[in-house]
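For reference, the chain that follows is the form predicted on its own, supplied as structure tokens.
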């Protein structure tokens, strides 16, 4: 036999072998499909031999090449007790954020300032007498006596006493205005951006209308028309009555970039409702932005309320930082009289320190919502990482 004939015979043999192999493969598949079709729906059916591909013959996942276990039936090797779950929740939700805040000097300073004002609003009223005329001499300067460290007014009222007793109403006003703005802006922005369509159009029309109304005249008109009687909660809401509209617009733009994310799409496929997706998948990613806006609105309430009280627009039934500044200028000429300047300076410094503390707290607290930073400060997660590193040899 010549070499050409041998090559031809070999090629013919390979072709025959391939044809027979293909026939055997088709026969095996046909046999597998027609042998026992009920086994695909039988949970008790044993797959027999191990699956090298990692899947059993009936389509179930084969663990360790043997028993067939559905992906939805797999269980974790480690289970946690109720006490361990509570400890993990405490670490991740309370202790880790506290460590993050304390590790940053800006957040630490902001927290100390806010705590100082909270103590002034609560404990301070128990330690310091209520402001009243003729508590001391007239226009005693600041840091002149220990009895009146911040000085007195033209009627002998302690400025420290006025500052302390004005703090609760100011904090209430700030909280009500900031919470009102953030909640309304977040609800409008997230629903509008996530739902789209007619819902988006209707909500944005309302938002645009509120944005076109000038805030200061609206606040003055409402304060004059309504019988608010110096209620700090109502005044805080009136000052920010249309401030939520800008926040809603900004949050809607953020939601438009998140609603088509893979994890949001996975939640929709799993059948989760709109409130669950918005509260669980979208809002947590907006928390740094929402936190910053909360602080900005708080500062806006401080400056707005003090300005309106200074102008005498808002009604009041107790001492207020803006009212103190108004009295210092109009009764004692604090802007031109050095003897009365401390009367104007004390409430001004009080306002500036509070605004600065809120700003520093917001800048430092932004790291709380960073999942990597939060995980680095959680002991439980650190222990898990350490144990994993030891198991894998540090690779």
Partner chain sequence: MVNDHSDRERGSPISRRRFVTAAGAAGIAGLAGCGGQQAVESETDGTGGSDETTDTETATSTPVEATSEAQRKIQELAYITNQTLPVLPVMEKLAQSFQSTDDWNVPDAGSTPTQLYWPTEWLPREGEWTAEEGSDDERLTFAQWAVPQDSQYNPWNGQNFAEGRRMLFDRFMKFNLANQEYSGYAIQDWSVDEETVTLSLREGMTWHNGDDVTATDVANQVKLDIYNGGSLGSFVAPDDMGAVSERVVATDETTVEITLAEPATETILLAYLQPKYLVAHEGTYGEFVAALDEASNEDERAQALSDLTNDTTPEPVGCGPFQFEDADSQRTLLTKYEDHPDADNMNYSEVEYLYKPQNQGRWNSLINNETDGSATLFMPQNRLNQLPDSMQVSLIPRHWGMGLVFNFEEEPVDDVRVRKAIAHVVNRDNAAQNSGAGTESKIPVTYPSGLTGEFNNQIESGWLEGVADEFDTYGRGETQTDEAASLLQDAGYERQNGTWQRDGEPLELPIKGPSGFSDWVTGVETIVSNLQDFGIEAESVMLDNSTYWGSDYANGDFVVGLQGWASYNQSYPYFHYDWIFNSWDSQNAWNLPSEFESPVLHDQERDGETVTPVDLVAELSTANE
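As the structure is a prediction and not an experimental result, all values here were calculated from the model. Numbering follows the first chain given and starts at 1.
There is also a form predicted in complex with the partner chain; it is not shown, and the following applies to it.
Only one of 109-117, 129-137, 87-95, 177-185 lies within 4.5 Å of the partner chain in the model of the complex by heavy atoms, and it is 129-137. Among residues of the shown chain, residue 289 is not one whose heavy atoms approach the partner chain to within 4.5 Å in the model of the complex. In the model of the complex, residue 313 approaches the partner chain with a heavy atom inside 4.5 Å. The partner chain is not shown here, but in the model of the complex it comes within 4.5 Å of a heavy atom of residue 339. In the model of the complex, at least one heavy atom of residue 329 sits within 4.5 Å of a heavy atom of the partner chain. Proximity to the partner chain in the model of the complex, defined as a heavy atom within 4.5 Å, holds among 121, 250, 237, 220 only for 220. Among the residues 212, 198, 227, 79, the one placing a heavy atom within 4.5 Å of the partner chain in the model of the complex is 227. Along 88-122, a non-hydrogen atom within 4.5 Å of the partner chain in the model of the complex is carried by no residue at all.
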